[in-house]
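This document opens with one chain alone, in structure tokens, the form predicted alone.
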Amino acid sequence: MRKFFSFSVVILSALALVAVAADTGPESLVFKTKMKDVMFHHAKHVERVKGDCKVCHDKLWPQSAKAPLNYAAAMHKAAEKSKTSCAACHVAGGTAFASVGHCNKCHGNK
């Protein structure tokens, strides 16, 4: 009986971990902008950080699809200087392509 109980606890714990790991948020989000809308491919970003949500949440972004992007045209330079918002990675010398000169990669992509 004791072995069965221990085995059951291990299996249930593993199932709980799988359930938590499976909750990776939405596939993508659309942020409305004055230029063209930004399609944010959340699933690709989750994959790049190997499922570690803490890389972005809540340090760079609130964990809410309704949170503002805070990377508007006037804020691009400020965000890039302070390496906040998208510019935490998308800046010259960052871990992803710099936003400067690559407007179409975010605005109007599908």
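Predicted, not measured: the structure shown is a model, and the values here were computed from it. Numbering starts at 1 and follows the sequence shown.
From this point on, the text means the form predicted in complex with heme C, which you will not see here.
For Met35, a non-hydrogen atom is located within 4.5 Å of heme C in the predicted complex, even though that partner is not displayed. When heme C is considered in the predicted complex, Ser82 lies well away from it, no heavy atom lying within 4.5 Å. Contact check for Val100: a heavy atom falls within 4.5 Å of heme C in the predicted complex. In the predicted complex, heme C lies farther than 4.5 Å from every heavy atom of Ala78. Residues Thr24, Gly25, Pro26, Leu29, Phe31, Thr33, Lys34, Met35, Val38, Met39, Phe40, His41, His42, Lys44, His45, Val46, Arg48, Val49, Gly51, Asp52, Cys53, Val55, Cys56, His57 of 24-59 are found to place at least one heavy atom within 4.5 Å of heme C in the predicted complex.
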